[in-house]
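Here are two versions of the same chain, shown separately as structure tokens and labelled structure 1 and structure 2.
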Structure 1
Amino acid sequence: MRTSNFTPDLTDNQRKVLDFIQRFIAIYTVPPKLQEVAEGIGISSRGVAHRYVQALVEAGYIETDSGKHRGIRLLKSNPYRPESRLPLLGEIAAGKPIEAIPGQDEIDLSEFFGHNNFAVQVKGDSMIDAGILDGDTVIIEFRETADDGDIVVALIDENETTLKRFKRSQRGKYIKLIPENSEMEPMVYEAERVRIQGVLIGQLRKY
């Protein structure tokens, strides 16, 4: 039996704000401004939106930095958000019919990828040598740090986001964002100009 989708420590309006923040980051890969939060949930008062955002801070879902233009940072996503499930018919091998898997009738994509993540659609061909093509959807785990060699969503100058392979200089002063395309050059930035927003954990493609 499936439980209903609710977050017990939040009110309905607070959950609505949390869901909006998650969706906004998933689409734009940057957090929303307070005015965008208010408009996104259908209210005109930034003060009311601020109260909802502050409640999410106190509940441990987000943190805010008033010194930044887009100062909301998602710490954890809503574990009770609507589930995404597909029928799981069984296992298949070349030349054989589908063989049923006893006790399994569907696959839960949110469980497969985990809850602390978001999806973004790839635009451009800078990652084609890694098998990531224009139009693909990639699954990103929310993380603020990355290891050398990880493919990351990086926010540059709090304004521009990009999907690239991550490499830090030996002394940590510079960060290199490397495209997986032999015709493109790596981008090098001072470390303070780059903020990691997540690390690639999966990929979806519709044929």
Structure 2
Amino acid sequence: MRTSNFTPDLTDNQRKVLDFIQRFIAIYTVPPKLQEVAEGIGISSRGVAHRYVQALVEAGYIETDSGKHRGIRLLKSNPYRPESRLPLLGEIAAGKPIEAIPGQDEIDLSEFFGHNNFAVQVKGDSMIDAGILDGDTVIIEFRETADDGDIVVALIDENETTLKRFKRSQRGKYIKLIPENSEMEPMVYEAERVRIQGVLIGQLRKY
């Protein structure tokens, strides 16, 4: 519970409130309202929460937009920034223990969270040979164009949506949508019938 900030000018509870506000913002991206602050530190009075918040204002840790809902602003940077990186420990199944390779590298998932991205849950086995199983979640970048070989979310006849590998015919008149499953056949459509909704940029699965 010890943090790097040593703040002797705050009481324990004021410290607790500041801590809560920082964590709240990290999680929800918006500051808490007084009711939430109160609950966050285990009391029931908005008035008391307000008193703590004012103390933090006077101590110079935060500002408030007086009257506005969720009007708290942090003045110093938030130590609880959400993490989107993980230590990457090296390749597995090689001859050495994992521990022998200290975390010198990390993997950054922030590109998964871009503004035009969304996640879709996959139903069915049509992409099983590409390692995309029924129930997996795929991450799609919202785009209207794709390159040959991309895996795309395609809308057919403004009606049916599928995840397939994309290929254009030589003159661009037809579009071939190729399942990655040896038991299924590629489908060919006139280009006008197919609209790209997005391109696969990632895939993930929770166990």
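When a residue number appears, read it as a position in the sequence of structure 1, where counting begins at 1. Superpose the two forms; the largest set of C-alphas matching within 1.5 Å is the rigid core. This structure is a prediction, so every number in the text was calculated from the model and none was measured.
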Selected structure - the one that is the form predicted together with the DNA:
2
Core-superposed C-alpha of L163 shifting 2 Å or more between structures 1 and 2
no
G71: CA shift of at least 2 Å between structures 1 and 2 after core fit?
yes
Core-aligned C-alpha movement of R15 between structures 1 and 2 reaching 2 Å:
yes
Core-referenced Cα shift (Å), I25, between structures 1 and 2:
27.0
